[in-house]
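Heads up, the chain below is alone and in the form predicted alone; it's given as C-alpha cells.
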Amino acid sequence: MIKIFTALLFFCLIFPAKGQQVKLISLTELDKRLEGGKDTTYIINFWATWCAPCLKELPHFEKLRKEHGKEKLKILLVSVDFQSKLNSVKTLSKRLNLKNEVFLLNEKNQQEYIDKIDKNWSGALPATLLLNKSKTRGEFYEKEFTYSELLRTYETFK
C-alpha cells in the first residue's frame, strides 16, 4: 500500500495538474491575436461569471470546438468581469473544463470597448462576434445561443 501511495505522490509531483490558462487581454492585443488567421473563422464570445445565460451557453462553444476543431476555427472566450475577478474566471474555467482559449478583458472603460467591438452593442451579455478576415466580414450577435443555433450560424458564416 505504501508503494502505491508513494508512486501516486511521485506521479502528481512530476506531472502536476494543468489548470486552465486565463490571460488578460486588451482589445489591441485581441486584434493582434486575430491577425494571424487570415483564412480562419474566429468566434469571440463575450461573457461574465455572474451571467447565467452566458454560463448556460459556454458548453455549446466547447462542443463546437470538439466537433469542428479540425476546421479553420478558433473560439475565444472573453470574460468581461473586473480584473479583480481573475481567480473566479480561472476557477470557473477549470470547473467547466473549458478547452477553448479563455481571456479576461483588460480594458478600463466599458463603454469605450463596447463601442469598439460593435457600435450597436447595448452591452448586454452574452454577446458573440464572428470574424473571417479572408472574407472581410463579421457578424455580431447580442443573444444566448442554443447549440443548434450556434452550429447553424457557424455553418452559414464560414
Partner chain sequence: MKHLNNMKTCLSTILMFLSLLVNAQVKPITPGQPAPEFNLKNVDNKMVSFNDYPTAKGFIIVFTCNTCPYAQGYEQRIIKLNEKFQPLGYPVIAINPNDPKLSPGDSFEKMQERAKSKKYPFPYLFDQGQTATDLYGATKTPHIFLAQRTGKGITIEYTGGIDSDPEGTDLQKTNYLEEAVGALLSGKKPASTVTKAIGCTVRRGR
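For clarity, every value in this text was computed on a predicted model and none was experimentally measured. Numbering follows the first chain given and starts at 1.
There is also a form predicted in complex with the partner chain; it is not shown, and the following applies to it.
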**Report entry** Contact label in the predicted complex: residue 28 to the partner chain, heavy atom within 4.5 Å
**Finding:** no
Requested in this report: Using the partner position in the predicted complex, report whether residue 141 sits within 4.5 Å of the partner chain, counting heavy atoms only.
Outcome: yes
Query raised in the report: Is residue 125 close enough to touch the partner chain in the predicted complex, meaning at least one heavy atom pair within 4.5 Å?
Result: yes
Report task. Flag residue 37 as yes or no: does it have a non-hydrogen atom within 4.5 angstroms of any non-hydrogen atom of the partner chain in the predicted complex? Result -> no
Query raised in the report: the partner chain in the predicted complex: within 4.5 Å of a heavy atom of each of 66, 90 and 157?
Result: no
Report task. Among 57 to 65, 92 to 100, 37 to 45, 107 to 115, mark the stretch whose residues have heavy atoms within 4.5 Å of the partner chain in the predicted complex. Result -> 107 to 115
Report summary line: Applying a 4.5 angstroms cut-off on non-hydrogen atoms, the residues of 80 to 95 near the partner chain in the predicted complex are 80, 82, 84
